[in-house]
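Here's a solo chain for you in structure tokens, the form predicted alone.
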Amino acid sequence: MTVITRFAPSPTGKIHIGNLRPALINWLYARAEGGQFMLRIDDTDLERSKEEYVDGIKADLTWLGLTWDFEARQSTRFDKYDAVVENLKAEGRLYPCYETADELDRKRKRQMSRGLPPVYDRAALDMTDEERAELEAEGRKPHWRFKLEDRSVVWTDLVRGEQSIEASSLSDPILIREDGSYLYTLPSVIDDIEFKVSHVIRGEDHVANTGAQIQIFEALGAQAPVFAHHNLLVGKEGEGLSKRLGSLSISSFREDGIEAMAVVSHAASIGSSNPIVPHQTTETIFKEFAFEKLSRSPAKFDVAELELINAKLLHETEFSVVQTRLAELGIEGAEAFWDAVRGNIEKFEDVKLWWKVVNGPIDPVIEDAEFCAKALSVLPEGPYDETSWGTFTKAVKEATGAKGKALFQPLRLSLTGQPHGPELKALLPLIGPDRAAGRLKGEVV
């Protein structure tokens, strides 16, 4: 069996960290199994779906490296859904219901007040043709429910193990709204059948839906795919993320200077037994992927942890990986520079500061002019190499008697204008003797 997984976003907003996880897990499993990954745009909601969000979804996935093998859009497939609907109606598996949302809500409340589960009572099945015609004459339009068979639905979940749901505990799911538009369920099943999706991987909040969907697969004469319901994402204190999702969009991470592989590394590791460490390539991630490693507890997302992973990723990144990006910033042939500063940057854009520190002009910070004058008097002649800083500081120590922080901090402030940063052993050769001398004098160079 060829493994085919799918990511099926609705283009009604931006991808956020919460729905990145199912996209990533589907992609990882497909790649780990040598299978295919499908992008399905679930745009049956024509009013809320926007083309700009379709473009944004594709841009985000491409940035993250989650390439897809083929794609489909539900808005082009209504004729296929309509044909299936007619068959289900003819078979008596899809039936019209006329209750309003308010009437259904009152019915549920009455059931719960009597200690009964708020399951739809199928009252619509007892209506006569005359009663339906009367309601339609009043202007009511039906929504359509799928009639579940009263039996257990059993499947082996790749994350949760053996699962069983009694269909009698579920309401017959609504597949079509009053306005004729489709809810997610039926088009999803039809598409999974046609595109031969082998594994449906999604959040554990869909477990109950799976019981109903398996019966729909069977009603359409198809074998249900393998299901895997992974843990959901919460904040670092266990709180829900729903109110913060706008600030946790993938595009916002990109705009904030977070690296794509930092996002992927973090999202692939949280909520699993794998260590949360940066990965330079997606290949190393999917080689480590296994459903058995996913926790049953919620996965905790912390922006601070993501930023830490981002910094570690940059610290471990070789010059060849960023050479083109540096050149785009006007930093050419700067392997020594990258090696000197990469351990002190949190985001890639930080290199701009250190490139200016190296090349100037900067405002040196002179806290003790006399100290800096003595340092200038023993400044070695160029050219400088990795031994020059040790030679220089030894001479300054002998000239001033300063040591420790009293020795190194005023030198750092005068030479870089910054209170902390990369080792001056690596920076001094890049700054060079002329700029070093000028800065010790307090010159803006």
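Residue numbers run from 1 along the displayed sequence. Just so it is clear, the structure is predicted and the values come from calculations on it, not from any experiment.
One more form of this protein exists, namely the form predicted together with a small molecule; it is left out here, but the text below deals with it.
Residues with any non-hydrogen atom within 4.5 angstroms of the small molecule in the predicted bound form fall in just one of 332 to 340, 281 to 289, 183 to 191, 142 to 150: 183 to 191.
Checking 374, 77, 93, 206 against the small molecule in the predicted bound form, a heavy atom within 4.5 Å turns up for just one residue: 206. Residue contact check for residue 42: one or more of its heavy atoms lie within 4.5 Å of the small molecule in the predicted bound form. Taking the partner from the other structure, the small molecule in the predicted bound form has a heavy atom within 4.5 Å of a heavy atom of residue 6.
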